[in-house]
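As a starting point, one isolated chain is supplied in structure tokens, in the form predicted alone.
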């Protein structure tokens, strides 16, 4: 609970400073019908601090936290172990600088961290240049589409049906303000991604093709053939990755021909955090596209004495210089989350990331094999990393609800992600990470067997 130290005298002095006589004067521009007519209906009046704390603790106990139960939720936000050393390092005083490091002479620590972060993201994605950074994966996805329209001078984006539906909605929402054409579709429930159908939708007006890798159903699309088809039509391939740990086990999108690679960095160092804040990642394979990148770029240089240093570079792309002509209105580097990502990646190193990815995949295979033996369950995927789709011959949303009541967080039902598609109502997305034990997997299998019997 936050303590607010302001006194009535403090408030009166602040109101006088802005020419207001009462707090209500600050809301005169809010239409009368939109204002409250008194205390909030349904809420009790004032209570003591201890009484409020006691009430809030009772409410919080109604939650089933991720760490308190067998946990199989994913779909873009993954529970991984974050070492205690990450939190220790990100709280060191050296990093407590202003978040916008415009003045390199006083922000070398922050700038060096951002430079290291960019280097890690570029290597992870198999690209030449990464920025630092974006709000989250979905907004990074939109920024990639907008960048592709600038590069190609076309205004149509073809979205894979297997792109996360929340990412699709962000792109469609933003496109309402730019006039770009967004061609989306629903995923097909089949063992492998529908690359043939996606490639058939690419034409000479297409600026970019957006493909999730691995996709929303956990399948792993062949980006190479999609990249070749897109390039043949003069379009760019945008690859979206929501689980960066996967890139410790499968080839990077840049290696497979993706021109712009974006994604969500939450899985490394950041944690679930009840849904945010998260961390957007953004990189391009070809350095010639760097001037069309959105957001902040940190570069390496030397000072007047020849010593290595770091500065913000190519800032004339950004909105604080170019105003409405900027490449983007993105205005943060998500500094703390980027720092946590970079610290965790540094602690892991390449070998650590590969071992972590291998352990995720090993446990996911155990889970898929075990669940496939449950009567009424069919594993959909031919290929997967740490997440896969099962069909359960029942309403998956209800089954998830019933299992949550039993203390098992069974996964994300596709009916929740696609409530308008009846065909998906029996499908469940199951994610397994290194935090999942083999006992957790057995618990889920037994609970599912009982629920489906």
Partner chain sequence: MNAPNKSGWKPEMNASEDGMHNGPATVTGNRALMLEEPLIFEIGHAETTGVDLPEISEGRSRLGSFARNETIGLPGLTEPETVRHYTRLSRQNYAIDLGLFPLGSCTMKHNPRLNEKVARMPGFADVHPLQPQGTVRGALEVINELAEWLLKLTGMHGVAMSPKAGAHGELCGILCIRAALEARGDAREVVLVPESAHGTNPATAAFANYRVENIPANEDGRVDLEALKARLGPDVAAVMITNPNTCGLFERDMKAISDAVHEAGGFVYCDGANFNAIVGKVRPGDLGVDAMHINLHKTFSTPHGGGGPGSGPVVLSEALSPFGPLPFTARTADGVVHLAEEENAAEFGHTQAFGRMTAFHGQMGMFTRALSYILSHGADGLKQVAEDAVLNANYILRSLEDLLDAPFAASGPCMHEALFGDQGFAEGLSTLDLAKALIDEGYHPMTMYFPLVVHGAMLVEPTETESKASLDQFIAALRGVAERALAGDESMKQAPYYAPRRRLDETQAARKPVLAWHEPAPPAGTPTLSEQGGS
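Positions refer to the first chain, counted from 1. Whichever C-alpha set is largest while still superposing within 1.5 Å between the two forms counts as the rigid core. For clarity, every value in this text was computed on a predicted model and none was experimentally measured.
Same protein, other form: the form predicted together with the partner chain, not shown, and the subject of what follows.
Residue 106 is the only one of 199, 183, 106, 189 with a heavy atom lying within 4.5 Å of the partner chain in the predicted bound form. Among 205, 286, 169, 228, the residue placing a heavy atom within 4.5 Å of the partner chain in the predicted bound form is 169. Proximity of residue 232 to the partner chain in the predicted bound form: non-hydrogen atoms within 4.5 Å are absent; the residue sits far from the partner. The shortest heavy atom separation between residue 368 and the partner chain in the predicted bound form is within 4.5 Å. At a distance threshold of 4.5 angstroms between non-hydrogen atoms, residue 241 is out of contact with the partner chain in the predicted bound form.
Interface residue remark: residue 393 is not counted as part of the site for the partner chain in the predicted bound form, having no heavy atom within 4.5 Å. Shown here without the partner chain, the chain has 173, 174, 176, 177, 178, 179 in 171-200 lying with a heavy atom within 4.5 Å of that partner in the predicted bound form. Relative to the superposed rigid core, the position of the CA of residue 437 differs between this form and the one not shown by less than 2 Å. Annotation for residue 394: C-alpha shift under 2 angstroms between this form and the one not shown, rigid core superposed. Wider separation of the C-alpha atoms of residue 401 and residue 42, by 3 angstroms or more, is seen in the predicted bound form than in the present form.
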